[in-house]
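The data below hold one chain only, encoded as structure tokens and taken in the form predicted alone.
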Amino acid sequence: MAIEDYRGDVEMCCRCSACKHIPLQKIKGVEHSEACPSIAKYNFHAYSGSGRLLIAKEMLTNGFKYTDKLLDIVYNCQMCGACDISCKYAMDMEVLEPIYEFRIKAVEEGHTNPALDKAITSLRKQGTMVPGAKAKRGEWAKGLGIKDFLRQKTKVAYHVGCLTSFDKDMWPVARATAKLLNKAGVDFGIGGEVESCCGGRAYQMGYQNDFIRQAQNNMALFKQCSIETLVTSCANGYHAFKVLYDKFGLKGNLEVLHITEYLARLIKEGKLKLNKKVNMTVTYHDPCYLGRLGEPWIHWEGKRIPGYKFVFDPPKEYRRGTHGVYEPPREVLTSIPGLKLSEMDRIKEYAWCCGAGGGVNESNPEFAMWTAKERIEEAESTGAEAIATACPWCEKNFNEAIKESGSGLKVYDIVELVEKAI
């Protein structure tokens, strides 16, 4: 697809501003009613989903003319999809997809962001975009005796992900995950040094060709090693393997599970028993790429009926965020003895972004931190002692925001809480 293929969608936008707020039927008051971090931060229509579509409409009509201000708008977006889902509460049109294509076109035409160029250069050279990655990719697993799926046959692979592999502060999450899988009797392996970036963040940044190259290389490796099930504890990785690989026809029959889905299954099957009390009140943050953007890709082939702007044959089904991964994380949390779950105002498909997505963490860390602090304030309002999440990027951003703001909130990955209960 290309931005030209979404002409009907960008022309459909009526500037109703539904993309800026979660649906009125879902809010409890003006506080925590905003959906899009970009428009909430910059308070100018061009930074909203609608504003970006209207810019695309103008450029499709009169040609793409890039300015510094335009590129500021293009790259100051976490690509979290909140605008898309809020719009689709009442409308049948694509919002996020043309925004993706707008960014991809900017990259292809050489109008990139230097900070993102630097990250992609790192990806091309060493298979990761994590800055300063000096540790060996499989070093976190030292002493655990985990299979190397390249040399030892197994049908289940645990893809650790870039941030968890290279940031030593995240190693406890990877080690806890491996220990839980071992305790449940799962025969699994890791790629170790041959594991590579899923490519999802490259796609978010607009570097589609780099994403496709990573996806093709990863799928060739999984096929070579006869991997049937891929488990990941990174929401970005889950979205890439489950949704984007399928979107581009690369996923095949690979089963993709987020660790929270797998843990929920293992607990239900009695393979993991949570017996130890964890007396704590937590609130759960839905990662964008596990929640609203984590629902399966919908393949549709058809055509628009001539004379009608938005009537398709056969009818087109839209992804509305409804079928993201919402219940498994909550089922795991509520299965922990002594733990109480206190929900925030904005949850599931209407959750507020942690701030780390879309390359904003790299290109505008101040904006990323502002977004994270907004979520921390919302989490504190629940009375919870800690915020639990299911993505290392969310955990990292929240920890940095807490450090800057002086909040007393603690941050846990769900697997860390499950480990406490065992």
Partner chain sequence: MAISKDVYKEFEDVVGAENISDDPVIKAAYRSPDLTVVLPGNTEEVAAVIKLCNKHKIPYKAQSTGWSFMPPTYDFIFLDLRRMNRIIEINEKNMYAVVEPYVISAELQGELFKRGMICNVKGAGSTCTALAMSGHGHMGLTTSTGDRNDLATEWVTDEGEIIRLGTLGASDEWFCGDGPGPSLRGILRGGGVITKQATKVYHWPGPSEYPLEGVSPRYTLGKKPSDLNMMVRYFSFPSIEKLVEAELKIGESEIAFELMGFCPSMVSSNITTSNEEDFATLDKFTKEVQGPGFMVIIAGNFDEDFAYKKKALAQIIKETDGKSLKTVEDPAVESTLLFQCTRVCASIRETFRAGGMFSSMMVQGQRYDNHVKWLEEGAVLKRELIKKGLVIADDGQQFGWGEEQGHLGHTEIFCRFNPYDEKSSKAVQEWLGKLGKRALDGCFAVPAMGVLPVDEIGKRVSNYHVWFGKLKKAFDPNEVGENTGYSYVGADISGVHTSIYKKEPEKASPKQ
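Computed from a predicted model, the values in this text were never measured in an experiment. Residue numbers count along the first chain shown, from 1.
Heads up, the form predicted in complex with its partner chain isn't pictured, but that's what we're talking about next.
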property	result
Listed residue (203, 350, 222, 166) with a non-hydrogen atom within 4.5 angstroms of its partner chain in the predicted complex	350
Candidate stretches 111 to 119, 239 to 247, 278 to 286, 68 to 76 - the one whose heavy atoms come within 4.5 Å of its partner chain in the predicted complex	68 to 76
Exercise: residue 330 in contact with its partner chain in the predicted complex, heavy atom 4.5 Å	no
Close approach of residue 33 to its partner chain in the predicted complex, 4.5 Å, heavy atom	yes
4.5 Å heavy atom contact, residue 143 to its partner chain in the predicted complex	no
Its partner chain contact in the predicted complex: residue 340, any heavy atom under 4.5 Å	no
Non-hydrogen atom within 4.5 angstroms of its partner chain in the predicted complex for each of 230, 296 and 396	no
Residues of stretch 255 to 288 in contact with its partner chain in the predicted complex (4.5 Å, non-hydrogen atom)	none
